[in-house]
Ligand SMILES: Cc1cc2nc3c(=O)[nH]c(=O)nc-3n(C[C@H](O)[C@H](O)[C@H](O)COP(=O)(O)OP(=O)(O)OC[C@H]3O[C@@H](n4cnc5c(N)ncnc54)[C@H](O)[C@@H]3O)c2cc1C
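Here we start with a single chain on its own, the form predicted alone, put down as structure tokens.
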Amino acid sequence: MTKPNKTSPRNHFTSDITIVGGGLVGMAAALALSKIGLKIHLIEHIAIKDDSHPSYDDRTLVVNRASIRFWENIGIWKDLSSDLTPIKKVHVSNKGHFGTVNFKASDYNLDALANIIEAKKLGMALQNKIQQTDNITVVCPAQVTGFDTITNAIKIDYCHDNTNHSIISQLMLAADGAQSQIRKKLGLETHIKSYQRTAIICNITPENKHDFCAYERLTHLGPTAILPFVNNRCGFVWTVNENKAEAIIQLNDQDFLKKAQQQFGYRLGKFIKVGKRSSYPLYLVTVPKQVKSRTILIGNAAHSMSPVSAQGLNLAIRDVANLIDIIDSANVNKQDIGSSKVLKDYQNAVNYDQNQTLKYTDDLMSWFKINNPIINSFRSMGLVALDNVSHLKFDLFTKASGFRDKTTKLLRLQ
């Protein structure tokens, strides 16, 4: 479908910015940019379906405190209020060894440390808001067939309804996923590190109430996580050796629950129900330079990491918040928003946060795989020390909440 746009193009541009990829990050960027008066085209190759009946198996997302402010400031959060599950406590442990770290919202005078939302619910809220926004044009389904920089602009070619079209914009945002074709066509250096691990993700129901507590168990294979959700459901993320993943997924429900119980333990009592299992090979994808030729990579096109740390979408949202600050400043000062200076400013703005977050997720996957009695003891003692030093816990909580270095406008209370 194509949603008509009621605004007129600026000068010779079809739009100010074209976004390729209409997933959560692409839609978030479109809405945020529309609020600073820019005309946006959003191209998505998968047809949008009206699917308003979530099932037991819908994927859950952790929304940290910085991201909550972002969603509030672009007008999405209030639309999700009835579908949120708060995380009021977090329990971190080293499986098979002593030492835990506990975080409580009440310790920081907060109602919640973070919130859980269904990915489908967030996506539907974004779609609805975009449909109500005059300066966003959605072209879907459509496939980008090429792009070229021309004088002070970029021309994006695409196919829609079996017809070839072109858009001329000042800037293109590539939000086309971890296998980004735009990134490949630009020839941007990409580093891919395989952990030889697979994340098995599903919904699981324990017999005891989760009491809005999230659990993270650190193991030599990688973290296992339990996330509280509606109707006492929990999101379950289990890291396993990649060569054992398929056999585990194919287990019947009873045998899978037994294996999952052995992995997690009985802190929530017996596991009594499991939904459909999905699996994702675990990689760390880093792209040192994410800008080139009037193009900026965002979302998984720019970086991809293990889902067990719940950092991927939250980091991407902070990238978008940085982008808005950079673009808004350039626009107000009547600068070319696709210029090499603007692209360089954006890259510099996101480098520190990205590097720190990617290092954190990589450490979770790499450091804990060392299964040595001495190392295990040091890790356990580190958890005990962290739990008993309040300023260290607060610093870790602040960073996990998405607040690092400079706080951009869309991450502030307004």
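Don't overthink the numbering: it's just position in the shown sequence, from 1. The model shown is predicted, which means the values in this text are computed figures rather than measured ones.
In what follows, reference is made to the form predicted together with the ligand, a form of this protein that is not presented.
Partner proximity in the predicted bound form, defined as non-hydrogen atoms within 4.5 angstroms of the ligand, places exactly one of 283 to 291, 74 to 82, 173 to 181, 263 to 271 at the interface: 173 to 181. When you look in the predicted bound form, the only residue of 93, 137, 205, 311 with a non-hydrogen atom within 4.5 Å of the ligand is 311. Out of the listed residues 213, 257, 188, 201, 201 is the one that sits within 4.5 Å of the ligand in the predicted bound form by at least one heavy atom. At a distance threshold of 4.5 angstroms between non-hydrogen atoms, residue 143 is in contact with the ligand in the predicted bound form. In the predicted bound form, at least one heavy atom of residue 60 sits within 4.5 Å of the ligand. Contact between residue 402 and the ligand in the predicted bound form is not found at the 4.5 Å heavy atom cutoff. None of the heavy atoms of residue 17 is located within 4.5 Å of the ligand in the predicted bound form. Shown without its partner, the chain has 20, 21, 22, 23, 24, 25, 26, 43, 44, 45, 46 in segment 19 to 48 as residues with a non-hydrogen atom within 4.5 angstroms of the ligand in the predicted bound form.
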